[in-house]
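Only one chain is shown below, in structure tokens, and it's the form predicted on its own.
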Amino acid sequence: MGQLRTNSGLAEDLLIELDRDAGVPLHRQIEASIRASIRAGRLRAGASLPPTRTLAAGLGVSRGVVVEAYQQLVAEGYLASRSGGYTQVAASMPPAAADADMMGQPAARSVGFRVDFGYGRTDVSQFPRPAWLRSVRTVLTTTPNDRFAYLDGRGVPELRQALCDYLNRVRGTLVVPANVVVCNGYGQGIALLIQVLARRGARRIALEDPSSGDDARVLAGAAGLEVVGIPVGPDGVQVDALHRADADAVVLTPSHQWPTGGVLSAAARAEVIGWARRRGAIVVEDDYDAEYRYDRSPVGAMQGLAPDHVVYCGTASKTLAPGLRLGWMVVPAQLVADVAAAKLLADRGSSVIDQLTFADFLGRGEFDRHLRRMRPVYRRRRDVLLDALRTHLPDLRPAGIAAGQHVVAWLPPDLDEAAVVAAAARHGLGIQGVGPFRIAGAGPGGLIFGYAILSESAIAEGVALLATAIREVRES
């Protein structure tokens, strides 16, 4: 028996066993072993195999034996030859002889939608790779060595300063670098904050109803906090209900309420701030998509009104790409030390290289240029959506259209939300209703149209599919 296991950065865990007493040619045994590893997923598409000489030496066979095995697998479509003599697992596999799972049943296949209006997605194909790469190169060639060591829980000073400059200029905040805590997106940020509030004696947290506060809802429950929903009207959260909630903190999306799109008025913002000051409470401002506005003037952040009572949360997920896992919180001075300590305990800090890259990207003005390039792209997609709704479904009432990357359309009373969503799925259309995001479970039916990653033709097709589905619901 002979075997070779390599972890040299080529094929992970390549294990080939040879039985010289089996009466089966050695090249056939090598073929069978590699073929089985590919089919089982142990060798992923694109993984490079060891050079023929290396594999032959490790197995104690002639190079010609390995060459013959590789050539056969290339002919079958399992391997692909690359320039320079490299051999890789092919990007697309030939169909397996038996397409069944280990229980003898047909293997499950994922069923996609012809058009998917899924919300909360940004067009990552537009990520500004050349500009980001320039910043990466700058960071790697100019950053002092000590910057790559452990830092404090707030993040690198360069990014905290760059975020201050940007947020104070664009969002009307009152931020100093000492109050910025860099985190891995909003999800981690709200988790850290809830931990800190619970340890400081908070008992109840209020969320908009409806809202996208699944993270906060689950995390608050895990921390022993009670969650209460505050109804949302056309202009955002209903402040009178907040007064009755007896909450220690409230999570708001005041500049573009998710999902209804309402904007909290100046008077309502002042009333929320007054509530927070009287109770010694915290307002968490989730500013998730404020950079994308089309038909209205900019709406400043609430943090600028009360820096001692508002935690401002922002991320690069909707503007650049969620895979960057870059987020930030502007924390009142009395909470900074506790939140930074919680961040250190969670993961010892976010990636220094990514932070420095984003700081350079912001400082060069590349972030502003990217947003200027993307606003008209998203606006055209939104306009196509609204035109299609007016044409095919004029009795649906769009809301929250002036900004963001999604639109809510309220259904007329004769249409059941769940029935429409189910019928749409049968016609190959992915769309979600507002109902699952309600805390109290009551309210008018509505549909959430995420349009950021769809082409204009796909948006038009999707609305046509929805019109067919709604006709089916009405006829039934």
Ligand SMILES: Cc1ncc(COP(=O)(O)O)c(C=O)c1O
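Bear in mind that the values here come from a model prediction, so they are computed numbers and not experimental data. All residue numbers are counted from 1 along the displayed sequence.
One more form of this protein exists, namely the form predicted together with this ligand; it is left out here, but the text below deals with it.
Participant: Counting any non-hydrogen atom inside 4.5 Å, which residue from P128, G187, G363, G274 sits next to this ligand in the predicted complex?
Facilitator: Only one listed residue qualifies here, and that residue is G187.
Participant: Of F367, Y378, Y78, Y288, which residue is found within 4.5 angstroms of this ligand in the predicted complex when only non-hydrogen atoms are counted?
Facilitator: It is Y288 that has a heavy atom within 4.5 Å of the partner.
Participant: With this ligand left out here, work out from 314-322, 380-388, 331-339, 349-357 which stretch has heavy atoms within 4.5 Å of it in the predicted complex.
Facilitator: Only one stretch qualifies here: 314-322.
Participant: Within a 4.5 Å heavy atom cut-off, is W258 in contact with this ligand in the predicted complex?
Facilitator: Yes, W258 lies within 4.5 Å of this ligand in the predicted complex.
Participant: Taking 4.5 angstroms as the cut-off for heavy atoms, does S135 touch this ligand in the predicted complex?
Facilitator: It does not: once this ligand is placed as it appears in the predicted complex, S135 has no heavy atom within 4.5 Å of it.
Participant: With the partner left out of view, is G118 within 4.5 angstroms of this ligand in the predicted complex by any non-hydrogen atom?
Facilitator: No - in the predicted complex, heavy atoms of G118 and this ligand never come within 4.5 Å of each other.
Participant: Does S212 reach this ligand in the predicted complex, with heavy atoms at most 4.5 Å apart?
Facilitator: It does: once this ligand is placed as it appears in the predicted complex, S212 has a heavy atom within 4.5 Å of it.
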